[in-house]
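What follows is a single chain, given as structure tokens, in the form predicted on its own.
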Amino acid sequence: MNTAELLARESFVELPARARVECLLDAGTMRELVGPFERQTSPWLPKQDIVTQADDGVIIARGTIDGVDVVVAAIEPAFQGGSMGEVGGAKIAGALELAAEDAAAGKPVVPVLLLETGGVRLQEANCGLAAIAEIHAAIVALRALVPVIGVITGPVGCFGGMSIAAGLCSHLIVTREARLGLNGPQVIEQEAGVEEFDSRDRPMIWSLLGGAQRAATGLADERTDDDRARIRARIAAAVAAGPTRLARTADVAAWDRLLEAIDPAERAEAGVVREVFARHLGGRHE
């Protein structure tokens, strides 16, 4: 991206979740499902004097992208750190299950998941985890029928059980600002110690968990810039593609070889990780 393009671009990352959905869908096609006026709020947050949000931080909308029917699920990072609770998780799982029914009936609807989440909401952990498990199952069922598109753009990233959902997607798009990991930096530091992983070391964190690293190792399928037009164009291209076999989750033997090659006594370095991925996953990675 040159200087003129940089000055002309409009940030996607800075948009709230509902505005992200609006900018992706064709004009005039957005129809929100289980919207804020239905007041489906978390029953668990008030018990701890936490203010709820009318949509529980998840926006579900039907519409089209370049004429293709889609259902978009967007997690609001500004509400509870994008944490996934019972209601928000059920909204996503329900939308995916309806998309599977439509696809099986010959009316394909492509799911697009805008993932910006720190993982399950601790105040409702069991219910949230159950919902995330339903999301995983629905993605796997859908992948054979239509492509399932995952998108991670902002610095909140995608962690916990929803990082597995991201990995299950047919096509995963990230920006350089995104982060992706099973555990967040603070959790790793808490469990392994600051010598192993200093959660204040931002360059180190992005070098290992950031979008550029995830795309280079093949854990994400492509990296794009934080620009509304570019992100929409990449999502539109992925939506238009048919369902494909996902080697990232199917080639179990390759992952076993990779894990055997890793020495847990050595501290992870970005360059070393890329080299190990390239050596053991058939040259798919940079």
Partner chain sequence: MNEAPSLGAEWLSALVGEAPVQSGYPASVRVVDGQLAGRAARFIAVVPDPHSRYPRARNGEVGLAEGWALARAVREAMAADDSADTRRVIVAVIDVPSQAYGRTEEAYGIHQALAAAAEAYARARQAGHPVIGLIVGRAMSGGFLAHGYQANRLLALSGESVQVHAMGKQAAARITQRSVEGVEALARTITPMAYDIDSYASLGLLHRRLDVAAEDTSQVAVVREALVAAVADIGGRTDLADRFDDQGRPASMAVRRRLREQWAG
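Because the structure is a prediction, the values reported are computed rather than measured. Residue numbers count along the first chain shown, from 1.
What comes next is about the form predicted together with its partner chain, which is not displayed.
Put simply, H171 is far from its partner chain in the predicted bound form: not one heavy atom of it is within 4.5 Å.
Mapping the unseen interface onto this chain, F197 counts among the residues with a heavy atom inside 4.5 Å of its partner chain in the predicted bound form. Within this chain, G181 lines the site of its partner chain in the predicted bound form, having a heavy atom no more than 4.5 Å away. Although the partner is absent here, T64 lies well away from its partner chain in the predicted bound form, with no heavy atom inside 4.5 Å. Taking the partner from elsewhere, no residue among P16, L24 and E76 has a non-hydrogen atom within 4.5 angstroms of its partner chain in the predicted bound form. The single contact residue among V68, A241, L258, A233, judged by any heavy atom lying within 4.5 Å of its partner chain in the predicted bound form, is L258. Contact annotation for 230-267: residues with any non-hydrogen atom within 4.5 angstroms of its partner chain in the predicted bound form are L246, R248, T249, A250, V252, W255, D256, L258, L259, E260, I262, D263, P264, E266, R267, listed in sequence order.
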